[in-house]
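First, one chain by itself in C-alpha cells, the form predicted alone.
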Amino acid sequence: MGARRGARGESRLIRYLILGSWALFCLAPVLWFLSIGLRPRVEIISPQPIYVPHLSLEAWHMIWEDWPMARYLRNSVLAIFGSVLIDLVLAIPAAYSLSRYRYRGRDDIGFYILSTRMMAPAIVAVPIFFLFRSAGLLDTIWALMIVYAAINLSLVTWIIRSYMLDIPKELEDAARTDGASDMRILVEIIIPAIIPGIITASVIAMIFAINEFLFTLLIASTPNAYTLSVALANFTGGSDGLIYNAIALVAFLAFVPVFLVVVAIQRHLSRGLTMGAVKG
C-alpha cells in the first residue's frame, strides 16, 4: 500500500514538472517582453551583451506620464467589450434562425455570412472611412465598436450556431407543448445551454478586436480614440527612433487582460472549444 502511494506521488510530481516546464516554455516570450520593458533603453541598444540587466521603470514612467496610456487602455476596453456585446445581441438570434428554422436558402445564407470573414479588409477600408465621415463618427469609440463588431459578427454567428445544433430539439418541442414562445425558448432554454459556446465566441472576438490595426488607424485620427494597438505604432518612429522598452511594456500590458480573462474562464473555454466542433 505504501509503495503504491509512493509511486502515485512520484508520477504526480513528474506530471507537475512536465506541465510546469511546458508552462514556462510557453510564457518565456511574455517574460522576455516584460524583462525588456523593465530595462533602461541604453542597455537595450548597447552593442555589447549584458548578461545581468538592471531593472528600471524608465519605460513605465514614459508610457504613463509622457503618453496618455490610460486613455488608450480605456478606449481599448470600451471598444472591445462594446463590439463583443453588439456581436452577441445580433449573432444569437441569427444563429438560432440558421440552426432551427427551415426556409429556402438557409444554408446559402449561412455560408455567405461566414464568407464575409474571408474578405480582405483593405477592399472596404476606403468606403468605411467615407461612411463614418459622413455620419460624423470618425475618431469616436462608437465607430470602433461598430467596425470591430462587423468584422467578427460572421465568425461569432457561425460558432454559436454550431453549439445550437448540439441541443436536442425535443427540449424545444416540450417547451412549445407547454405554450412557450420562440423568444422564451431562446432566452430560457437555448442560451443557458450554450453558455460555453457564447464564452468561446466572445473570447475569440475579443482577441481579434485587440489585434485589429488597419481600421483602428483609419478611424482613430487623434489620441481621443487611439487603442493599444495604435499606441504601439507611436513608439516605432519619430525623432527618438525605436523605443524598444516602451514597445515591449505596452505589448505586455495589452497581453495581460486577455491572459487573465482566458485563465478565469478556462474551464468554460476548453469545453466550448470541443463542443459543437463536428457540426456543419
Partner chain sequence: MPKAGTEEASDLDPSARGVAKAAPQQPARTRFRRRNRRLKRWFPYLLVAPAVIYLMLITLYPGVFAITQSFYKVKFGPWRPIGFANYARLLGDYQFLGALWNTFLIGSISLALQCVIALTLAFHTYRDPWIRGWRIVFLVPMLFMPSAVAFLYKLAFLDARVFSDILIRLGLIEHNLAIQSSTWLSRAVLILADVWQWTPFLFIIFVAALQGQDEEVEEAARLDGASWFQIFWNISLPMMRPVIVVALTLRAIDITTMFANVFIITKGGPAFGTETISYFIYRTGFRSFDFGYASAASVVMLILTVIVAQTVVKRAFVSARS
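Residue numbers count along the first chain shown, from 1. These numbers come from a predicted model, not from an experiment. Rigid core here is just the name for the largest C-alpha set that superposes within 1.5 Å across the two forms.
Omitted from view is the form predicted together with the partner chain, to which the following refers.
Student: In the predicted bound form, do Leu98, Ile210 and Leu214 all reach within 4.5 Å of the partner chain through at least one heavy atom apiece?
Tutor: Affirmative, all three are within 4.5 Å.
Student: With a 4.5 Å heavy atom cut-off, would you call Ile45 a contact of the partner chain in the predicted bound form?
Tutor: Ile45 belongs to the contact set for the partner chain.
Student: Hey, in the predicted bound form, does Met119 get a heavy atom within 4.5 angstroms of the partner chain?
Tutor: Looking in the predicted bound form, residue contacts with the partner chain include Met119, since a heavy atom lies within 4.5 Å.
Student: Does the 4.5 Å heavy atom contact test between Leu13 and the partner chain in the predicted bound form come out positive?
Tutor: Leu13 lies outside the contact set for the partner chain.
Student: Are any of the heavy atoms in Ala220 no more than 4.5 Å from a heavy atom of the partner chain in the predicted bound form?
Tutor: Judged by the heavy-atom cut-off of 4.5 Å, Ala220 is well away from the partner chain in the predicted bound form.
Student: Have a look at Ala125, Ile199, Leu137, Leu73 for me and say which one sits with a heavy atom within 4.5 Å of the partner chain in the predicted bound form.
Tutor: In short, Ala125.
Student: Does anything in 17-33 come within 4.5 Å of the partner chain in the predicted bound form by heavy atoms, and if so which residues, in order?
Tutor: Stretch hits, in order: Ile18, Leu19, Gly20, Trp22, Ala23, Phe25, Cys26, Leu27, Pro29, Val30, Trp32, Phe33.
Student: Does superposing the core leave Asn224 with a CA shift of 2 Å or more between this form and the one not shown?
Tutor: No, because once the rigid core is superposed, the C-alpha of Asn224 moves less than 2 Å between this form and the one not shown.
Student: Once you line up the core, how about Phe33: does its CA shift reach 2 Å between this form and the one not shown?
Tutor: Yes, the C-alpha moves 2 Å or more.
Student: Honestly, after the rigid core fit, is Asn211 moving at least 2 Å at Cα between this form and the one not shown?
Tutor: Asn211 C-alpha, core-superposed: shift of less than 2 Å.
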